[in-house]
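The chain below stands alone and is given in structure tokens; this is the form predicted on its own.
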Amino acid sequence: MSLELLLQAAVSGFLMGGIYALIALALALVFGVMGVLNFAHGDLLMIGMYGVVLVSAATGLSPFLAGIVMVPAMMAIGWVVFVLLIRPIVGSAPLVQAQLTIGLSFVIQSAALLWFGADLFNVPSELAASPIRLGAIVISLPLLIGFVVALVASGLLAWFLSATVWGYRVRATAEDPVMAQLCGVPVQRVQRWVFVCATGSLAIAAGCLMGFYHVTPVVGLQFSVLSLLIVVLGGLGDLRGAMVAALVLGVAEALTSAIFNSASAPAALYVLFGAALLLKPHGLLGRGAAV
């Protein structure tokens, strides 16, 4: 195993981790604000990925632009899901939340299988034929662009939460919804818009992925599990911890695939996950809720 190959894997994993972070931050924000772990999170991402394929095929747009075009549609889907399914279970037992969102996951997967079949869909891009070479390191241009877009989107989220009035309201609701309500914060409206905007952000993440990835009806399960790992590893409710955890898992996944084989990568993630929870039960940065 050469040093160049390990460095190549680490760079690719770091870039992929940036996209993982955008996906997981949406889940972490929803959990932090309303205490709901959405097990259909990856399936909502899968809807966005199929939407990017359809928009790109119809308009010829790049997947990154198609993802931006899909944002309003994904927000509308998020609005319907929240009003019909999520709002009634806010504050309910975790088992009730799990049962409902897992059921939603099965419904979305079945609908995608009926509509699109089991074939793999992707978005052909000329960018894939123009890699960037930095010495012995070859960087996929679609992956690099996806990382930059995801990083910008994550940065805008951080700015919104820390520098705007509605960001203060979101943080207050996450800290103590009862006290926030007493101070005049429209808690239910905040929760609704957090879920809607989090779902809309998945369209951007879908655009970042479809520059080099593929979509099937079951790909959502993979990203649901990965997002849950990141949110728990980062510390429940800690957005910065989720960002760090996503980058760590991205690098770990890539290095494991390079050293052993791609089938070993998920096992390595679970081992890393278990070890990290034993050593840092409050998350990597020690700021989240204990698991």
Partner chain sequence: MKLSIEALVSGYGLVDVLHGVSIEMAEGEVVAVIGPNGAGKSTLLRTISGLVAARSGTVRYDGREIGGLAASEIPRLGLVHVPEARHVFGKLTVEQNLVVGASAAPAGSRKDALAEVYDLFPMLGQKARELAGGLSGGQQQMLAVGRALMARPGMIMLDEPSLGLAPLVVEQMYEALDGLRRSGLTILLVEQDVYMALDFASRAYVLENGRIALAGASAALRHDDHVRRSYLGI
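Being a predicted model, the structure only gives us computed values, none of them experimental. Numbering follows the first chain given and starts at 1.
The following text describes the form predicted together with its partner chain, which does not appear among the structures shown.
Val185 is the sole member of Ile108, Leu157, Val185, Val219 with a non-hydrogen atom within 4.5 Å of its partner chain in the predicted bound form. Residue in contact with its partner chain in the predicted bound form (any heavy atom within 4.5 Å), chosen from Ala172, Leu144, Ile77, Leu104: Ala172.
Contact between Gln181 and its partner chain in the predicted bound form is found at the 4.5 Å heavy atom cutoff. In the predicted bound form, no heavy atom of Ser130 sits within 4.5 Å of its partner chain. Under a 4.5 angstroms non-hydrogen atom cutoff, its partner chain in the predicted bound form has Tyr168 among its neighbouring residues. Contact with its partner chain in the predicted bound form, judged as any non-hydrogen atom within 4.5 angstroms, is confined among 79-87, 173-181, 146-154, 94-102 to 173-181.
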